[in-house]
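Next up: a single chain in C-alpha cells, the form predicted alone.
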C-alpha cells in the first residue's frame, strides 16, 4: 500500500461556569486552544510490514503546561504466520468498563487533555503477539517511563496545591529508565471475551506528598514500583452487555483490590425510529476506602447512551457517578455529530456536585465547564 496521510486539526473552547477558588486568582473562566494530530501509514512486503507515525500537538492560550507535543505512535510492525512483532512508540488499550479503566496500565495518562483518563501518551515498547487456539498472548517490554502531565499554575481544572512535576521522584534507582514488563492473555469463548494481565514495573499512577517551591505549597509526585494482576471480562447476551474489570496491586503503598462491574442494556429502535438508547450501570469499589488514591472507592455510575444511527453519526452519553458514602457526584455529558464529510462537532460538560471539603475532588469543585471541539478530518 502506498503511503497514506490522515488526521485532524481542531479548535477547542472551554468555559468554566464559576470563578476560580480564592487560592487560584490567576485562573480565567474561558480558555481556547488548537490541536493538530496527523498520521502517516505505509505498508510493504504484501502488507506484512508497516510503519505508523502519529504526532499530537496542542497550543493553549492560557496554560503553558497544556501546550505540549507528543509522539503518540512511531512503530514498525511485521507479521508472521501466527504471530507479529511491533517495536517503537505505540498505544495499547485494555479494558471494557465505561466509568474507569483499572486494567489499562501500559500507557501513561495525558491528564492535561482530559480528566477522564482516556487520552494517553505514547509508550516506548517491544510487543510480541502470538495467536493460538487457546487465545492470544501479548508480551511487552517497556524500556522507558513517561511521567503524567498536569495543569500549570494558570490551568483549569487542576489540583490545589498544584502538582510540581519538576520534583518528581521514583522508587526505582533507575528512575524513568526502569524496564517494565507485561503479559496479557485474551480469548473469546462463545459470547464471552476474557482478558488476564500481569504488569511489573513503575506505576503510571503517582502518589503525592506535600512539598514547597518558591515558598508556595505544592504536591510532589512519586512513582512507585508495582506488581498488578488484572482481569477484564465482557459478555454479550442479546440486548445485554455485561462488564467487569478487577485488579490486585502490590506496591510500597497499601496493597489493594479494586473493581468496576456492571452492565449496559440497549433499547433498539426507540419510538419506532432508527435510534438506540442504552442504559448503563456500574459499581466502583476500592478496598482502601476513604484512603484510596482514586476518586472512586464506593460509587455507582448510571448513564444513558443515545445513538441516532443517522447519516451524521449523532451520539451522546450522559453519566453520573455518585459516592455512596458522602453523596458526592461527578456529572459528565459527551455528545458528537458529523457536519458534512470532513467536519465533526463535539460537546462536553463536566460538573462536580456536593463535594466534601476533605475529598480529593475539593480543589476541583469550582471547575465545572462546558467544552466545544470543532475538528476537520483529512
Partner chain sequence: MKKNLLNILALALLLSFGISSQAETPEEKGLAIAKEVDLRDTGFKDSTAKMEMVLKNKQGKTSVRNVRVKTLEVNGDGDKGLSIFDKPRDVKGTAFLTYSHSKKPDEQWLYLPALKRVKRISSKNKSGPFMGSEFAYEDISSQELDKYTYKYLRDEKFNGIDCFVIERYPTYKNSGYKRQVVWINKKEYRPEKTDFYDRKNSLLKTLVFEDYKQYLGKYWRASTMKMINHQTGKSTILSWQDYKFQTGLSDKDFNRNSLKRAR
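Just so it is clear, the model here is predicted, and its values are computed rather than measured. Numbering follows the first chain given and starts at 1.
The discussion below concerns the form predicted in complex with its partner chain, not included here.
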Considering its partner chain in the model of the complex, find the one stretch among 253-261, 130-138, 218-226, 172-180 with heavy atoms no farther than 4.5 Å from it. 130-138
So its partner chain isn't shown here. In the model of the complex, which residue out of 334, 31, 39, 70 has a non-hydrogen atom within 4.5 Å of it? 39
Considering non-hydrogen atoms and a 4.5 Å limit, which listed residue (276, 154, 205, 113) is close to its partner chain in the model of the complex? 276
Quick one: is residue 197 in contact with its partner chain in the model of the complex, heavy atoms, 4.5 Å cut-off? no
Quick check on residue 266: any heavy atom within 4.5 Å of its partner chain in the model of the complex? yes
Residue 341 near its partner chain in the model of the complex, any heavy atom under 4.5 Å? yes
is_contact(residue 45, its partner chain) in the model of the complex, heavy atom dist at most 4.5 Å: no
Its partner chain in the model of the complex reached by all of 188, 305 and 376, non-hydrogen atom within 4.5 Å: yes
Partner contacts for 193-226, taking its partner chain in the model of the complex and a 4.5 Å heavy atom cut-off: 193
